[in-house]
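The chain below stands alone, shown as structure tokens; this is the form predicted on its own.
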Amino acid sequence: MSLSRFMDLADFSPAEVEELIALADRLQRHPEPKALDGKILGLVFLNPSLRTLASFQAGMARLGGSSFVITPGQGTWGLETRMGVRMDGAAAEHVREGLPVLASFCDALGIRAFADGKDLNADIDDSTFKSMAALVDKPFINLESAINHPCQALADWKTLNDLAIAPRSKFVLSWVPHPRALPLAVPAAALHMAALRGHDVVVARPEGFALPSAIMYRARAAAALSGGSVSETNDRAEAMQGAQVLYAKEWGCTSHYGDAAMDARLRADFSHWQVTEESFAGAMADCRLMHCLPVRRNVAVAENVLDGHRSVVLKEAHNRLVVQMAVLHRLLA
């Protein structure tokens, strides 16, 4: 399988995803420390990172390459991402000049740019991210955009493989509390991943936090392709009946998207959606907890669950390094 861009897991068939994961497994067993000798990866982070930043740098080094990191406004010029604006504010440089220059310095470029969280349709369309990607004429990696996080989704797929969790097992994507609204990228990516893998996926969320219809439609199409199913409910206890996986994730209010005051009022009523051991009542005895991290202990998930036998969050996080090495290998080796 040739690869020039890693933008969206939806660009791949289930067989192609498994091929990438097989390469990741092979690189784990048989390292190739000179595979990317002389290659350079550029990483542009318009938003914070821990796992994505560290795992891509480590993965590139393990394959024999090198990397540089740009955090606009922190040691480098601030970058303006909007098109057609008068640049009389803090940003000194526009992405239309900055990104092609950075791309010319490296062999592949990755960009992270979160959602604005103001206009739901604009964030679902991911137009700002797509316009930045179009400026790059080198192999390109989506490090997380407004509505997608394919690197996390690929690591999640491998984690399910590692745990021998079969397709058609029940996979519950559950909203959990957070002090503020978070983007839709990870829940959208996790939902699509589980649907494409062939799971019976249930999205459990309170009223006001339903995932947008465009995200649900896309996931249902993936499920139809793979023999799975997608449904949603505001009854988490019902959703957990027979569940094999509980994927906990925070996201913002969608019924009043961009309205911070209304979002805060709504989420104040749903602190009981925190994942506790009692949340697994009715689930399979070996039901596992997944979360992309970072996670707010004793807000989103009780710490005895995070530290307990159900939690695979550290395995899931380590798999970021493993699968991203496979992506880099396919892009550059």
Ligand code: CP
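This one's a predicted model, so the numbers in the text were calculated from it and none came from an experiment. Sequential numbering from 1, following the sequence displayed.
Below, we refer to the form predicted in complex with phosphoric acid mono(formamide)ester (CP), which is not included among the displayed structures.
None of 288-296, 28-36, 63-71, 261-269 except one has non-hydrogen atoms within 4.5 angstroms of phosphoric acid mono(formamide)ester (CP) in the predicted complex; the exception is 288-296.
In the predicted complex, phosphoric acid mono(formamide)ester (CP) sits beyond 4.5 Å of every heavy atom of R197. The shortest heavy atom separation between A281 and phosphoric acid mono(formamide)ester (CP) in the predicted complex exceeds 4.5 Å. Looking at Q57, you'd find every heavy atom of it more than 4.5 angstroms from phosphoric acid mono(formamide)ester (CP) in the predicted complex. Using a 4.5 angstroms threshold between heavy atoms, R112 counts as touching phosphoric acid mono(formamide)ester (CP) in the predicted complex. Contact with phosphoric acid mono(formamide)ester (CP) in the predicted complex, judged by any heavy atom within 4.5 Å, is made by just one of S169, N148, Q152, S174: Q152. Along 29-54, a non-hydrogen atom within 4.5 Å of phosphoric acid mono(formamide)ester (CP) in the predicted complex is carried by P48, S49, L50, R51, T52, in order along the sequence.
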